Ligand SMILES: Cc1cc2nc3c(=O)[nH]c(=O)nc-3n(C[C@H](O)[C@H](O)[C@H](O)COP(=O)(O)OP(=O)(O)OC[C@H]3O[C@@H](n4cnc5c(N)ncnc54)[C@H](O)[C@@H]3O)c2cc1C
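A single chain, nothing else alongside it, follows as structure tokens in the form predicted on its own.
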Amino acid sequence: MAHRIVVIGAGYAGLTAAGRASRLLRGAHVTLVNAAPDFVERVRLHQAAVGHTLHKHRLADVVHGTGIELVIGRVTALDAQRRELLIDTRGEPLGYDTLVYALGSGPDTAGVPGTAEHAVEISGPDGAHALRDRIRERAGRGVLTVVGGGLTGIEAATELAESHPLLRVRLLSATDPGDALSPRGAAHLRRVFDRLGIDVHSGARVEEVRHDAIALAGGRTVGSDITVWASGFTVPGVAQQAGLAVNDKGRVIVDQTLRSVSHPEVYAVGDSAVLRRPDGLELRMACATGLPAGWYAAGAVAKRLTGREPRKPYTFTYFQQCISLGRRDGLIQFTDRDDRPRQAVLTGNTAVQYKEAIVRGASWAARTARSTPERRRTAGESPPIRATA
């Protein structure tokens, strides 16, 4: 019987892992499980929120001719002892010999009362389209508040303010938005906020989200016709409920070859895993870190199934952060290998074109991971071809 490799989650990390595993292990049976039928370019969802039509990448088309079995359905439970998955669209459990866990992350709406009921999030297509529709219902007018000053919040606020100039866009953040940027990068970000008329409130801690207002720490309340939640991410509870070793946020703890420290038949990649370099630096959630992790994990699986061990631990070198500031401006913050900002930045249309190349490259790399390394050229940080197991 062929060795059964099951990859759950078809984001950047999971799709890459499935594609490369199917190429390296032609005698294995590779199954890819995903809740939705499309590969979603998550880094473009702020564009969908303002009405842009994103290209659909049907997973059935992506895996056609690869030998990968595609299962569309949501993983509801993992039985790590029996090595089986329960999927809401299947009557029978799906068994595996090796599992690549890549379920990704979603919005953290549980910590603040009223968030799930009254706020909109844009971590998935449904949320992005719901926000688009709510703005249209108000004819592009009113007060829209983005909660969260990280990159997701910054990109959402600037995209919305640029596309809907009649909206009054407010950005609430517990910290200074862009506080991890260089002085040049932070200065450009402030100029963009001013140019787009975005009302930025730093040091604002949200205590409750209401249907027409937001309650802040200290007793202050601000009105909000539409609230967009972009403050933190959480991961599905499947791994924790199955008894895999996880950290306090439910992310799978892996060794230097991306293998679960508690269940050696499980590898974890992407946002659902705690990825660290050999020097201990924890990598941030991003397609730039997830995509090469998926590439590496597939190589590690292939090595072990053919009686060898990975030659090197998984490592990653940062190079840049790419930030959209609407369709006509952007910010490329170059960094050192440890993600600390350098003085060098790109801004304006040059940054727009630069990021577009990165985004297209990441999508293409994930969807073509089955092709041979010699034919692949991957844009972005630490290309997968360098993440050799």
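Quick note: we count residues from 1 along the sequence shown, nothing fancier. What you see is a predicted model, and the numbers here were worked out from it, not measured in a lab.
Note that the form predicted in complex with this ligand isn't included here; everything after this is about it.
- Comparing 258 to 266, 241 to 249, 118 to 126, 183 to 191 against this ligand in the predicted bound form, the single stretch with non-hydrogen atoms within 4.5 angstroms of it is 118 to 126.
- This ligand is not shown here, but in the predicted bound form it comes within 4.5 Å of a heavy atom of residue 288.
- Residue contact with this ligand in the predicted bound form: residue 159 places no heavy atom within 4.5 Å of it.
- Although the partner is absent from this view, residue 104 contacts this ligand in the predicted bound form, with a non-hydrogen atom inside 4.5 angstroms.
- In the predicted bound form, this ligand lies farther than 4.5 Å from every heavy atom of residue 333.
- With respect to this ligand in the predicted bound form, the three residues 14, 45 and 152 uniformly fall within 4.5 angstroms at the level of their nearest heavy atom.
- For the options 355, 57, 327, 29, the one in contact with this ligand in the predicted bound form, meaning a heavy atom within 4.5 Å, is 355.
- Checked against this ligand in the predicted bound form, the residues 75, 143, 283, 80 give one hit for a heavy atom within 4.5 Å, which is 75.
- Residues of 221 to 236 placing a heavy atom within 4.5 Å of this ligand in the predicted bound form, in sequence order: 233, 236.
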